[in-house]
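A single chain, nothing else alongside it, follows as structure tokens in the form predicted on its own.
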Amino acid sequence: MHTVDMDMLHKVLDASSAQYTELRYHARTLNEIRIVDGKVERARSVIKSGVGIRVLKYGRWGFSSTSIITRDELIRALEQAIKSASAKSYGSDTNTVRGLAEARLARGLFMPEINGRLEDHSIEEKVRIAREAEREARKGKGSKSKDISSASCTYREMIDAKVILSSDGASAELHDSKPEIVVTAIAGKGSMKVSASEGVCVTGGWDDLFKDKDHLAIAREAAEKATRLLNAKQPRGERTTIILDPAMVGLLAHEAIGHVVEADFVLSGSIAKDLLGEKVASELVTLVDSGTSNIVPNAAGTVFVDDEGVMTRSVRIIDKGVMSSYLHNRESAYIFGVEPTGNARAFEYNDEPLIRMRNTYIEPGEYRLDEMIKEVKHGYMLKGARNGQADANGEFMFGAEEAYLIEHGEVKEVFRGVSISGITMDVLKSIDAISSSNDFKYDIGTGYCGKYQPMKVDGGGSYIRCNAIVGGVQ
């Protein structure tokens, strides 16, 4: 476990002449193993630590960081941050910080429940499970094994230790670990190749990662999906009824909705601007962003304290169809006259905190999935989130790994290379059924959000039924 001289950090904080000062010590151990077609493509361990110092002076933010953690070097970084704020003060008034909202500041030790410390499992064991998973994916299943032409497995873990201090009272020590495993299988016939992936990422330990299924089961699922999709057709483009699985719901919640309600984007003119109190979705829809993994534990985006030292809380972005909140840091909360939501996050010590999501999801409903399917005369059930993009105007397009045709209440053939597109608010208003908490799952945690700096987030929900445009993509 990484340690830092807390007394030294407090003395540096006390030496600041800024109206507000924030020190963030962050030590990270990143271990990564990647096996491709039986060969070790990557095996690395990276340890990175340092202190980021952010100040507010002359109505401007100043930031500096250092990996040399001595009193003299930290004082130098502090002075550099103040100089940076001073230099900005000679510019225009458009970026003047009006103030910081009062917040519930964190004090004490915070860490998730960890079942099976990652440090207690050797690098040799982690290489072994990655090798076994990749080999299992290449084996395929039965007569389909010959269809698998290639496979890979990536095991990655981030083990973090932080200390966050602020001049107005935050004093938090944080420990966290996020392991993940992803297996990709590629099936091919002639020039045709189809890939499929399965993976898990959690906030927790080794036993949490493999709580629901082991590495071999994950590999088999990837291989079975790839072979299933190899002979699948692409759907015709049409606007129709669709049922989205938890992964697709998570992608919709994060990309199409979550980003446009981040307060910095709202202030820049996103579609969510001026929509507070307005009906933007079906009354069945309650969309939440939470620092802790509500409903299901161990979500990949779990964080108890944000990087401004603010206690995170659950935020109802949409409450029964009505836009009720944006996502805030302390500066944007002051502008809007609300309480900070604990959404300021920085990836590493030398990154400044930005407004970022944590675990974003749509709350469960009361339907059974089989009931939702039976009521569909014609449509598709989409499973497995691929990539996605959405713009500030609310238009989006996402890829799904597979889609199942539904005709007269029965699930029929599978299709591959599927996209879904539409206008976010229109799709949200079309939601007429959400399945129960029995189906709830976080399922986008193996990815990273890429808003200027990478960040671990998660998202999901139960199955939802809505209306959108389905099309074929390569």
Partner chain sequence: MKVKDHNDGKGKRKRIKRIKEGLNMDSNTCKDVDLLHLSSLAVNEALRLGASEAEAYASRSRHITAYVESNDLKHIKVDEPLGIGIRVILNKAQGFASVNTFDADKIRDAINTALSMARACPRDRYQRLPSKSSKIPRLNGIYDSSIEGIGVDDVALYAYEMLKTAKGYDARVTVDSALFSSTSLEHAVSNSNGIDACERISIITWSIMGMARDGSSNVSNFDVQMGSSHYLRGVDVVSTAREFASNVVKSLNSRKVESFKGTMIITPNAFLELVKDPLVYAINAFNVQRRVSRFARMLGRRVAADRVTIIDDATYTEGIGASSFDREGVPHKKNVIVEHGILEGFIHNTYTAGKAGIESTGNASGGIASPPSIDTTNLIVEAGDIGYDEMVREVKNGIIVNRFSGNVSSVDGNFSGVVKGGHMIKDGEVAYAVREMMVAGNIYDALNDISMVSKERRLVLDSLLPYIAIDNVSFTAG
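Owing to the predicted nature of the structure, the values given are computational and were not obtained by experimental measurement. Residue numbers count along the first chain shown, from 1.
The same protein also exists as the form predicted together with the partner chain; that form is not shown, yet it is the one meant from here on.
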In the predicted bound form, is there a heavy atom of the partner chain that lies within 4.5 Å of any heavy atom of Tyr380, even though the partner is absent here?
no
Any chance Leu109 has a heavy atom within 4.5 Å of the partner chain in the predicted bound form?
no
Answer for Glu238 alone: is it within 4.5 Å of the partner chain in the predicted bound form, judged on heavy atom distances?
yes
Is it the case that Gly169, even though its partner is missing from this view, gets within 4.5 Å of the partner chain in the predicted bound form, heavy atoms only?
no
Of Thr286, Ser270, Thr154, Ser324, which one comes within 4.5 Å of the partner chain in the predicted bound form, counting heavy atoms only?
Ser270
I need to confirm a contact call. Of Lys213, Arg117, Lys320, Lys83, which residue comes within 4.5 Å of the partner chain in the predicted bound form, counting heavy atoms only?
Lys83
Look at the stretches 428-436, 41-49, 441-449, 402-410 and give the one with heavy atoms within 4.5 Å of the partner chain in the predicted bound form.
41-49
Does anything in 42-80 come within 4.5 Å of the partner chain in the predicted bound form by heavy atoms, and if so which residues, in order?
Arg42, Ala43, Arg44, Ser45, Val46, Ile47, Lys48, Ser49, Arg60, Trp61, Gly62, Phe63, Ser64, Ser65, Ser67, Ile68, Glu73, Arg76, Gln80
